[in-house]
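Just one chain is shown here, as structure tokens, and it is the form predicted alone.
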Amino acid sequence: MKEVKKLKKIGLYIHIPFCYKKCSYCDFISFKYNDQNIDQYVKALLKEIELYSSRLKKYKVKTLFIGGGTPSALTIDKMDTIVNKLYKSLSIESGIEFSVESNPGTLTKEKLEGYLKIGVNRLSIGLQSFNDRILNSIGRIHSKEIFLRNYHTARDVGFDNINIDLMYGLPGQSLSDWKDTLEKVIELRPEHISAYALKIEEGTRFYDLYLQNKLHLADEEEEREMYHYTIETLNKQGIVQYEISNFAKEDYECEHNLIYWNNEEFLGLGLAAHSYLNFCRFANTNNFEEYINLLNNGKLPVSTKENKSREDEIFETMFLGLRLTKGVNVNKFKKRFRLNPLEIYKYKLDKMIKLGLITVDENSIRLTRYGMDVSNQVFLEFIPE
């Protein structure tokens, strides 16, 4: 009897690079909403999906995440077209976690009902703050009232797995503002909360203001106080921290993002999307015209490739795994690499344990609370010499 080989399981990410308005802090690849550009883009995306249909015969999709940009800017017809093409062209597990990012002000009852019909079962809504003054100052298109209407509509139509995105350390945001936002979000009882510290990225409006000394930010101590307050408050409410910036009720951790943090394989489709398959990290072009032209000529829009050595994979598995509160699982690491991380990193681990950055037992290597505060410094310790 012929042996049937198991398909390798991967995550699938789709990038939708359109927004009604660019937020002042955003450095993601996105363009202003334009019907003609969207039509061109969706047609090209369908061609990219088709090109991968033969290349992914040995793979099965276990999570699907549509991000952006603002995916909810698309009409439900266009979203339906993309999803239908995915299911016709690729092998996709039934009942998988299927997430869509959205912005308040772009969601309607009809669109939300349409999402459910095409299989979306996890909705991520970008609130950022419950303070209208702050929302306006960071360039959001919505108010807190618009967010609340969209959130309650999503609940009413049947969404029972909702993430709310928040940001702290924003210009003009006090600790009191942040506490008020958290309190109001907790009252809504979401299943998941992502809370990110503001980062000033080059190429953004905030970066220009920062260079001109016109951006009034919280100092490092106040930002850290916001972070610690977030962890303590949400943990008490049963929305438990499982990654540096992510919190969830039991069994509601984002399965797709866990693929990234566990350094597992995933495919990214769309403009500027990144992938990790067969020990190779590669990325699509971030040039809109080039993306369209390559696919119109039957070519994949990949612009960069980097083959990963075993040493690279070990390093990336360590620093990505340390983002999780459970840390790096020693037994899984041994099974994957036939190496014991407690032995190969003994000197570095001993050093970081003494500094109070890491805690170790026979089953895991985890960041301490202080280690999470300075996580980027800890990750640098594992770079191959």
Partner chain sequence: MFMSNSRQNKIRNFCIIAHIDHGKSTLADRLIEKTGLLTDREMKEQILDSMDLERERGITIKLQATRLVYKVNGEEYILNLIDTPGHVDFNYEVSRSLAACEGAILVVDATQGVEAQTMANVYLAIEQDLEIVPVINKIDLPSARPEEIKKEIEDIIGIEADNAPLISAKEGINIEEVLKAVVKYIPHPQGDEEAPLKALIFDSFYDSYKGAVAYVRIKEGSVKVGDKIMMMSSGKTFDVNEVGIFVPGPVPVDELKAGDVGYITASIKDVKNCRVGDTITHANRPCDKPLPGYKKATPMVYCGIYPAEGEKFENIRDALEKLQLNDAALEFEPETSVALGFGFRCGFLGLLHMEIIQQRLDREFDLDIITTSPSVIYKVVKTNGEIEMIQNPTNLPPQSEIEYMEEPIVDARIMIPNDYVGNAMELCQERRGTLINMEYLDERRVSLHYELPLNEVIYDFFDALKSKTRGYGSLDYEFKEYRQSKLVKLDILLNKEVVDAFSLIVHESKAYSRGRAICEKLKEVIPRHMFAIPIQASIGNKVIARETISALRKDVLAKCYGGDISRKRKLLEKQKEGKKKMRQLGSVEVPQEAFLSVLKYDEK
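The shown structure was predicted, so the numbers you read here are calculated from the model rather than taken from an experiment. Positions refer to the first chain, counted from 1.
This protein has a second form, the form predicted together with its partner chain, left out of what is shown; the following refers to that one.
- Contact annotation for residue 323: at least one heavy atom lies within 4.5 Å of its partner chain in the predicted bound form.
- Its partner chain in the predicted bound form comes within 4.5 Å of a heavy atom belonging to residue 196.
- Contact annotation: residue 308 falls within 4.5 Å of its partner chain in the predicted bound form, judged by heavy atom distances.
- Its partner chain in the predicted bound form is approached by residue 220, whose closest heavy atom lies within 4.5 angstroms of it.
- Scanning 66, 357, 45, 328 against its partner chain in the predicted bound form with a 4.5 Å heavy atom cut-off leaves one residue, 357.
- Of the residues 252, 261, 130, 242, just one reaches its partner chain in the predicted bound form with a heavy atom at 4.5 Å or closer; this is 261.
- Only one of 70 to 78, 232 to 240, 111 to 119, 311 to 319 places residue heavy atoms within 4.5 angstroms of its partner chain in the predicted bound form, namely 311 to 319.
- Contact annotation for 367 to 385: residues with any non-hydrogen atom within 4.5 angstroms of its partner chain in the predicted bound form are 370, 372, 373, 374, 375, 376, 377, 379, 380, 383, 384, 385, listed in sequence order.
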